[in-house]
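Just the one chain here, the form predicted on its own, laid out as structure tokens.
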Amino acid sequence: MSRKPVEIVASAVENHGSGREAVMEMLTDVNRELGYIPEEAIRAIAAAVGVSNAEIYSVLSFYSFFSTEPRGRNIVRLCKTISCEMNGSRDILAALESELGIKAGETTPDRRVTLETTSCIGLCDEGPAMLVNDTPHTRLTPEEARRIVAGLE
């Protein structure tokens, strides 16, 4: 049974402190355990740190690896930078959307996969590239991308 957001934040305060410098660690702890950051956690972090909810939300919304909505068990992030686009990432995205039956920014109805596009993932020299649950896949073809996501549990 997973813990409630306020319990996760309380543990994060114990582990990281309650200063502004601990906000990223708190968000990461909640995101890691729940797979997203609910409003209850945002309020708890803001209270622990002594800032407004809006300040916490501005940090969390800046980083694409955080979400305020529940996501799938598997997160597929396709790089959308110009270098990956020049190497075919648009074709990769079309293949992924077709294979999964969803568009970028959506989650499959069975919550198996969330498909996201994101800014640079640091693999521009090996594009097109994507991260699947933080595992990099590079020099992708549409067929390879389909095979990867078809094999996700």
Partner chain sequence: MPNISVTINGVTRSVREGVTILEACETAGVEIPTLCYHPDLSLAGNCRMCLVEVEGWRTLAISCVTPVTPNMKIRTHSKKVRHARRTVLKLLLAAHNVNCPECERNKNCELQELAEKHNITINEFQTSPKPVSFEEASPGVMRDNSRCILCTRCVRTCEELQSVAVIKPVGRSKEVRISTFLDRGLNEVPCTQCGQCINRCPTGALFETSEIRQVWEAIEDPEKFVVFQTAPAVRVGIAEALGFPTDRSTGKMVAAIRGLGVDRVLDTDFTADLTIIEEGYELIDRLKRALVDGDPESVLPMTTSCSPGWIKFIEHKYPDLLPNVSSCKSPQQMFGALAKTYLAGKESVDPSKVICVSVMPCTAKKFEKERPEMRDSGFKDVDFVLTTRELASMIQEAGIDFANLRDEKYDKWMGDSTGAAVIFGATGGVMEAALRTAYEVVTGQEIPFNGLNITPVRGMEGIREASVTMPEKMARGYEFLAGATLKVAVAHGLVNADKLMDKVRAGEVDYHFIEIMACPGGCLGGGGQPIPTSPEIRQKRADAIYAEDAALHFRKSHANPEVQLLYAEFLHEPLGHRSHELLHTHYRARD
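Only a predicted model underlies this, so the values are computations on that prediction, with no experimental measurement involved. Positions refer to the first chain, counted from 1.
Below, we refer to the form predicted in complex with the partner chain, which is not included among the displayed structures.
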| item | value |
| --- | --- |
| The partner chain contact in the model of the complex: residue 111, any heavy atom under 4.5 Å | no |
| In the model of the complex, residue 126 touching the partner chain (heavy atom, 4.5 Å) | no |
| In the model of the complex, residue 20 touching the partner chain (heavy atom, 4.5 Å) | yes |
| Partner proximity in the model of the complex: residue 77 to the partner chain, non-hydrogen atom cutoff 4.5 Å | no |
| Residue among 106, 97, 39, 33 with a heavy atom within 4.5 Å of the partner chain in the model of the complex | 39 |
| Partner contacts for 38-66, taking the partner chain in the model of the complex and a 4.5 Å heavy atom cut-off | 39, 42, 43, 52, 53, 54, 55, 57, 58, 61, 62, 64 |
